[in-house]
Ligand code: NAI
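First, one chain by itself: the form predicted alone, in structure tokens.
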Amino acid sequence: METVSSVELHRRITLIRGDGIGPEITAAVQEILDAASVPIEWDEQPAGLECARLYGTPLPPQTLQSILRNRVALKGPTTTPIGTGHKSINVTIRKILDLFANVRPARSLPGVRTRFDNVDLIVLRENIEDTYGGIEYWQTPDVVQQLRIITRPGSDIFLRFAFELARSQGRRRLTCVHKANIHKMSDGLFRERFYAIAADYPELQADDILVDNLCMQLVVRPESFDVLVLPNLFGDLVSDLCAGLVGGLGVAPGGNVGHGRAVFEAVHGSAPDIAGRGIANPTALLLSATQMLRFLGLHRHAERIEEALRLTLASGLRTRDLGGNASTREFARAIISNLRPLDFTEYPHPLSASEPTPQPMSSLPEVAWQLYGMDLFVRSPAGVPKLPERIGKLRLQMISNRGTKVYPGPTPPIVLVDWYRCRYLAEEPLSETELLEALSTLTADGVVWMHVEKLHHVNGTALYSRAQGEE
């Protein structure tokens, strides 16, 4: 009869200590998990500011390979320079590993004083798309453009995960958060896909809310929400708001989940001002670690550690950020002392060994996709550009400046910048050649254009926003 070695029963986890207070809180969490006899082994790897100095990158190849090999990582906070310097390690890891869902629970804790004591939310944030693609351009010396990308396949993958997670955790309601009254196409697509997938989960209540209304509702009656589902940027903002409802980022866990891979991290900063003083709060990273244990199927280990944490906080022992005076080590030792005796055996469940293979994806491969015009972005420092009203099949419909129509009709009394959107449309489909000929004509006339967005119809429906001034 074959036997399974104890090594095979332990899950190997990549461990990144991070910058600032990262090494201190990571050591505290390690000590707690080891004392709790959690069946994992650590594969420690470097990342952060020191790596940037030593290797020229804050995320060395060997660290990334470790995460790819182990498929699960626990990460302390790392520092990202603002404005200049290296890219965010968090964003880099999420994109390379396709960790498309950010999971941020917000649950009231005993002994942590806040305005509310009955918060129990999960914020689910799409993690790859939206403005976090970082696609930005200087269009003119005065104008920067950033692209906001929302896709049907990306939304479907994330939203399916959201409904599955809600069902697996016994949740009853999911609320889609958006700004589709203004972002009619991008947020409109996200909201549309939410309800399309909700139809497969009739036992779960699905509704939606505008993000500004949600923020007001959260600070009045947060107990009225259960699971919040958001695009990337709104999710980033709302998840921190929800952390504030339960005591701040020092008690806010976070997990980034993809297909059989996940990285769990404290979502607060590296706090270099208190690094090395032994006063940092390890709660956020510890709760992230219990999220990790649940991802691995170690639910009873997670419950045992969370119970010890709650008993410690209820006793009045807290770190300084929560109004107490306990050191990082004292707090960790108190949690260990509150661990109930281990009276069960539990091992990680096997993760799928199959890797998702990169492949092109289209949810609408067979459609009548026809070219009907263009939005041409023109630089004109001298004022509203003088453009021909007709070029072949194309007719000039509208010129706008920062979203306000300035042609046809009188120019409103607004501040004009040197960047104009000029919409040309045809009454019948165009060929690519006809569009290129129009661009050549405009260029020959001295028009300085920055970029062009082609406008299409699909099955007779316009796939572009209605321009101000259109009939």
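Residue positions are given as counts along the sequence shown, with the first one as 1. If you're wondering where the values come from, they're calculated on a predicted model, not measured in any experiment.
The discussion below concerns the form predicted together with the named molecule, not included here.
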- Query: What is the one choice in 193, 75, 125, 304 with a heavy atom within 4.5 Å of the named molecule in the predicted bound form?
  - Reply: 75
- the named molecule in the predicted bound form has a heavy atom of only one listed residue within 4.5 Å, and of 392, 260, 272, 133 that residue is 272
- Item | Partner proximity in the predicted bound form: residue 102 to the named molecule, non-hydrogen atom cutoff 4.5 Å | no
- Task: Check whether residue 229 has any heavy atom within 4.5 Å of a heavy atom of the named molecule in the predicted bound form, and answer yes or no.
- Result: no
- Task: Indicate whether the named molecule has at least one heavy atom within 4.5 Å of a heavy atom of residue 71 in the predicted bound form.
- Result: no
- Looking in the predicted bound form, any heavy atom of residue 268 within 4.5 Å of the named molecule? yes
- Query: Are all three residues 14, 97 and 292 in contact with the named molecule in the predicted bound form, where contact means a non-hydrogen atom within 4.5 Å?
  - Reply: no
- Message: Counting any heavy atom within 4.5 Å as contact, can you tell me which stretch out of 237-245, 272-280, 206-214, 393-401 lines the named molecule in the predicted bound form?
- Response: 272-280
